[in-house]
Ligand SMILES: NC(=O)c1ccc[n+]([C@@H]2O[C@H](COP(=O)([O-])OP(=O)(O)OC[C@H]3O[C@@H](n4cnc5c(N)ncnc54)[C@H](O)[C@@H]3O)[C@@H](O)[C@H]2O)c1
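What follows is one chain in structure tokens, specifically the form predicted alone.
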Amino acid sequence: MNCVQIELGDRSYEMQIGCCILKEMLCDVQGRAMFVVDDNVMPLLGDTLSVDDERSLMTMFASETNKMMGSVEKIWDAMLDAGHDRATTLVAVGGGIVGDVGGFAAATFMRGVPLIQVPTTLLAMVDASIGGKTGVNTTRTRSDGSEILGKNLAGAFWQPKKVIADVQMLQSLDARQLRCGLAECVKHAMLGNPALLAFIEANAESILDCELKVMEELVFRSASIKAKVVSRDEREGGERALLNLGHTFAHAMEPMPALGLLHGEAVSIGLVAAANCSEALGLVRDGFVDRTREVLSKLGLPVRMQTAIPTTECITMMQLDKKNRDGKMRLVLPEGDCGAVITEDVDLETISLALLAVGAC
């Protein structure tokens, strides 16, 4: 088993990464506990989670449209009905949606209860479960009167007490869900970590086949990168914002029904858009965009929209991004061979060109 430390003073915790460790770890949860479990994961746990006077259980259908305050309220109600209090530990078992919603419920129930994150998807293991970000979507009305989701616009920082990642669970994912997590791994590699990018390129076939030894190494390497950034900047006051590389573009595309994108797929296209933006600004060398496209395509990820969305509509959504300050759009863009920079001075024409390069109209 590998362990990653997230160093945050008295809020420090450990991420445990291994194979076939989940059932033992869940059985070892001490004291009163509320388990919030992804519907898709529950059948894989068998009789591991027994309900008694101290341990309660509820399942949740994980979808972006269900990642709303109503789901948080259902968790609160279930905890109150079971007689839980501030000594109860909430254990979120599932992908990033369950982790975000369960984490937000833990942060707000009786002003905060202990949290254990148990990510079961690659995306959640390498990204969503680390760093204490929790949140839900909100509904926004577009200019044509239709509604669209505003990604993670309500939330809180709430660090878990522990993260448990069992890579065996990844073998239960379909190929599309597995690939979604790979986009975040590539993002981490683009933040000054060429060795991770080389590892991904060299082991692409084994990764797509979900070979457990390779997956444990991939999760350990990628999670270690995020853990170091979070340890230096817990609340995104500076460096941590770099982890949003490609995400301003991605968060604009992901909620659009016409595109039908999962989060990791939107991030993949967002990384290509960000690379194009950097190329137009002279921040990266020639060939950087091509290499970005090549590695993402090699992993089976999309690198452009399959349905053309007007650039104006994309930019309107980008302007809602929670990273923006004082009405200025803040973009995280690649810089150099393997680095990133936060900028607020990218003109709308350059952003439009970057969107056109990934299939907008």
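Start at 1 with the first residue shown and count on from there. Here, rigid core means the biggest group of C-alpha atoms that superpose within 1.5 Å across both forms. Note that the structure is predicted; figures quoted are calculated from it, not measured.
Another form exists, predicted in complex with this ligand; not displayed. Remarks below refer to it.
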Per-stretch contact check against this ligand in the predicted bound form, the hit in 82-90, 96-104, 206-214, 141-149 (non-hydrogen atom, 4.5 angstroms): 96-104
Is it the case in the predicted bound form that N2, R221 and V295 each bring at least one heavy atom within 4.5 Å of this ligand? no
Consider the chain as shown here, without its partner, and state which of V72, L115, M190, M169 has a heavy atom within 4.5 Å of this ligand in the predicted bound form. M169
Could you check which residue among I225, L196, L283, L173 gets a heavy atom within 4.5 Å of this ligand in the predicted bound form? L173
How about E54: is it within 4.5 Å of this ligand in the predicted bound form, going by heavy atoms? no
Should A124 be counted as a contact of this ligand in the predicted bound form, where contact means heavy atoms within 4.5 Å? yes
Flag N40 as yes or no: does it have a non-hydrogen atom within 4.5 angstroms of any non-hydrogen atom of this ligand in the predicted bound form? yes
Does this ligand get within 4.5 angstroms of any non-hydrogen atom of V36 in the predicted bound form? no
Sequence order please: the residues of 328-361 with a heavy atom within 4.5 Å of this ligand in the predicted bound form. none
Using a superposition on the rigid core, decide whether the Cα position of N276 changes by 2 angstroms or more between the shown form and the other one. no
CA of M68, rigid core aligned, shift of 2 Å or more between the shown form and the other one: yes
